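Below you'll find only one chain, the form predicted alone, shown as structure tokens.
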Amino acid sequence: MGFVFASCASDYVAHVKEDVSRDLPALRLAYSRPGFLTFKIDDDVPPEVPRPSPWARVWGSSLGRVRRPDDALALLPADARRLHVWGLAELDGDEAPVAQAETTLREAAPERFEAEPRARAGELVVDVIVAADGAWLVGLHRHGPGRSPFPGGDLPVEVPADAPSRAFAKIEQAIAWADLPVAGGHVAVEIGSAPGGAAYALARRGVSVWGVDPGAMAPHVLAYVGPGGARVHHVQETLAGVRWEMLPRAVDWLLLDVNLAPPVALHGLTRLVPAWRKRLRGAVLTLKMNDAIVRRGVATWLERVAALGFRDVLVTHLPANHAELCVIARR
């Protein structure tokens, strides 16, 4: 018998439970707190356990609940040297217990863990999740594609004060999560761009952006000149109304963030993507998940994205996302 743990944003615990109940009936709910769940299963659970839900940010094998560093260390395999210590939502942002737990663990085993938290591909990662009552929930996962390299699934990005929307954080987190090779001199098209948060982030990286949106763009975004002369160009049209002739012939990155149901939004891309297939490197698509029917169709929406000609299609719920999922697709 083993246990699987999963963390998520506090508001979406019910989504994780729904996905597990529907798709993984062998997993039986064992423990639930805001933003954290464990499930019991009759088999052993390896650190490479598949993600139980796209809403899960960190997941893996749950090893036990302890209160002393020696008890935590006794649960760990010798080759698990990357340490992630993070807190349950019930700590309400109090970082002191988390910092104390990490200090205590490192002092108890000075040579045991690597100094920095950022995980590398293939590494075993120790998850120590701090509860409000002082207990530690110990888990293990193996880092790889589709996982944040930072404790608790965090994706720390610096958002400037003049960013016009949270889309700035969303695209920066997507780039960090998937290690996207976005570089100066690239060209991007963003469908649903106003007021320009993501476009501004890309322009600051030296990417020229064509933002498609019937709404107004922030004036300082349109006036901004980034490295290499990167600019944001506004195409004041809807997804239904824009024609590929209005956009660059060679595009590296496609972004989508529109208030449309996924089947409608993805259908709108089918007439644009073929024109860019020779150069298109990837896409970052924000899909709205506003009702249960749409959420149950996630696998279908990912298949629709793959059918556009993408090889690798990953999905996650970024810290900057609300009731939406981020799909990252690469060619």
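Computed from a prediction, not measured in an experiment: that's the story for all the values here. In case it trips you up, residue 1 is the first one in the sequence shown, and so on.
The same protein has a further form, the form predicted together with a small molecule, not shown here; the description that follows concerns it.
- Though only this chain appears here, would G87 touch the small molecule in the predicted bound form if you measure heavy atom gaps against 4.5 Å? Contact check for G87: no, nothing within 4.5 Å of the small molecule in the predicted bound form.
- Message: Can you tell me whether G228 touches the small molecule? I mean in the predicted bound form, with a 4.5 angstroms heavy atom cut-off.
- Response: Answer no; every heavy atom of G228 is more than 4.5 Å from the small molecule in the predicted bound form.
- Message: Whether S165 contacts the small molecule in the predicted bound form should be assessed with a 4.5 Å heavy atom distance threshold; does it?
- Response: Yes, contact at 4.5 Å.
- Task: Tell me, yes or no, whether G153 is in contact with the small molecule in the predicted bound form, where a contact means a heavy atom of each within 4.5 Å.
- Result: No.
- Message: The chain here is shown without the small molecule. Which stretch in 246 to 254, 181 to 189, 101 to 109, 210 to 218 comes within 4.5 angstroms of it in the predicted bound form, by heavy atom distance?
- Response: Selected range: 210 to 218.
- Task: Name the residue from L260, V159, A131, A80 that puts a heavy atom within 4.5 Å of the small molecule in the predicted bound form.
- Result: Checking each option against the small molecule in the predicted bound form, the one that comes within 4.5 Å is L260.
- Item | in the predicted bound form, the residue from R304, R281, K288, K40 that sits within 4.5 Å of the small molecule by heavy atoms | The residue from R304, R281, K288, K40 that makes the contact is K288.
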